[in-house]
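Read the single chain below, which is given as structure tokens and is the form predicted on its own.
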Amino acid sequence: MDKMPKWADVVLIPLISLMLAAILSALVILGIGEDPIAAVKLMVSGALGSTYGWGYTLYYATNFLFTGLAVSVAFHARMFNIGGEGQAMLGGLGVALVCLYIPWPHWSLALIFASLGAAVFGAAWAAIPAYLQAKRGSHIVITTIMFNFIAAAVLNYVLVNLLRPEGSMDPATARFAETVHLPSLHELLAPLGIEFSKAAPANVSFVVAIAACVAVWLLIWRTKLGYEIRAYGNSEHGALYAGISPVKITMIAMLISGGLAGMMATNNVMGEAERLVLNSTEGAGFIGIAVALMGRSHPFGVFLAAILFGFLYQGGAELALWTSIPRELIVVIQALVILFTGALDNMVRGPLERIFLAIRREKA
């Protein structure tokens, strides 16, 4: 029997963790002489108070959706894919090659094949650590961390020496053709009579990210492969006894995970920058770990957590812009949320489990 109801695990623990992070963040803001209530109001108005703010919040959330789903799939197979950052970098390379060297007549076709290119490059980058784990026993955490640095070096070399336009000093590709520019949410919503900011970077890849949430839910909970992934993640010995191949599950789960991380590039490379630049991932691969932890590796939970972290990123940018709160302190606030929702999960879980067990004993 579970020690606590499912709703408590899915809703109550993240909520309490968020409250603890908010209280500590308020104390930190008070400590530097700022008003925490005014800071929260500014964050809310900056991130959610206008379509411009929503556009940036949803843009960041799209990145976190892809990387959060990537980490979630690996979690279900009891693997910790910390390589989302590198896989997203290589996914950007896949998007750039598809958009630069194939003349597409329309953005919709370009988006389909760019998504495939991003997924293939991301999956290929995840395949090596997966093989080393499945065949050689190399720990997936160590190899995926190392591959983040290798990906950064590879991308740097390719941009500087192979894809940089002649005469340009900027380590970036040429801009993509006009026909592959993705429509923004302003362009998508205008025919429906809904006004949305033209300046916001949110684009059609947000819809792709939602579709990815649905696809991951169907895969994990409605297919034989998804059952095998969950079975292997819950008990490797039990899965082996049932005839499930550890090598197969390790490889497939990591390929799917890497592919999802790579698809993030449809948002930041194809949708926003419209070219491939260095450091385009901006740490989204690591934020995806916190998103997956907070979302309990469920696509709907990942969606909500991605929106929250999108709010924190955009709201934090507004705080840094309009107050004397330094940018570094915004990072501290974001880190506190990650700390309490991820690393200190058991600090909240333990007392709650004891409370629910005591309630059950009293009822019995």
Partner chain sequence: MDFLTLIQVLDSTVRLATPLLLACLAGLFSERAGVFDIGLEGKMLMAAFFSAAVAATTGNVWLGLLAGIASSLVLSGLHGIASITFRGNQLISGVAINFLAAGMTVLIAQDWFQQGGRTPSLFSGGRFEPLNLPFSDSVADVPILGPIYSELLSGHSVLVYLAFLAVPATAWVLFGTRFGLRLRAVGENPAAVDTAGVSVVGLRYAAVMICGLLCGIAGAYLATALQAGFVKDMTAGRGFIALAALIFAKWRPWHALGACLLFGLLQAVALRFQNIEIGSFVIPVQMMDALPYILTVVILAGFVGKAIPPKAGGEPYVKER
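Throughout, rigid core stands for the largest set of C-alpha atoms superposing within 1.5 Å between the two forms. This one's a predicted model, so the numbers in the text were calculated from it and none came from an experiment. Numbering follows the first chain given and starts at 1.
Here the subject shifts to the form predicted together with its partner chain, a form of this protein not shown in this document.
- In summary, the region of this chain contacting its partner chain in the predicted complex, judged by heavy atoms within 4.5 Å and restricted to 115-123, 242-250, 95-103, 287-295, corresponds to 287-295.
- When you look in the predicted complex, the only residue of Thr223, Asn279, Asn161, Ser168 with a non-hydrogen atom within 4.5 Å of its partner chain is Asn161.
- Between its partner chain and the residues Ser235, Asn156, Thr179, Ser108, the one pair within 4.5 Å by heavy atoms in the predicted complex involves Asn156.
- Contact check for His139, Gln334 and Leu339: all three have a heavy atom within 4.5 Å of its partner chain in the predicted complex.
- For the chain shown alone, Leu329 is a contact residue for its partner chain in the predicted complex, at least one non-hydrogen atom being within 4.5 angstroms.
- Under a 4.5 angstroms non-hydrogen atom cutoff, its partner chain in the predicted complex has Leu132 among its neighbouring residues.
- Using a 4.5 Å cutoff between non-hydrogen atoms, Ile150 counts as a contact of its partner chain in the predicted complex.
- For the chain shown alone, Leu321 is not a contact residue for its partner chain in the predicted complex, no non-hydrogen atom being within 4.5 angstroms.
- Taking its partner chain as positioned in the predicted complex, the residues of 28-64 that bring a heavy atom within 4.5 Å of it are, in sequence order, Val28, Gly31, Ile32.
- Superposition of the core reveals a Cα shift of less than 2 Å for Ile307 between the shown form and the other one.
- In the core-superposed comparison between the shown form and the other one, Thr51 has its Cα shifted by less than 2 Å.
- Val40: CA moves less than 2 Å between the shown form and the other one after rigid-core fitting.
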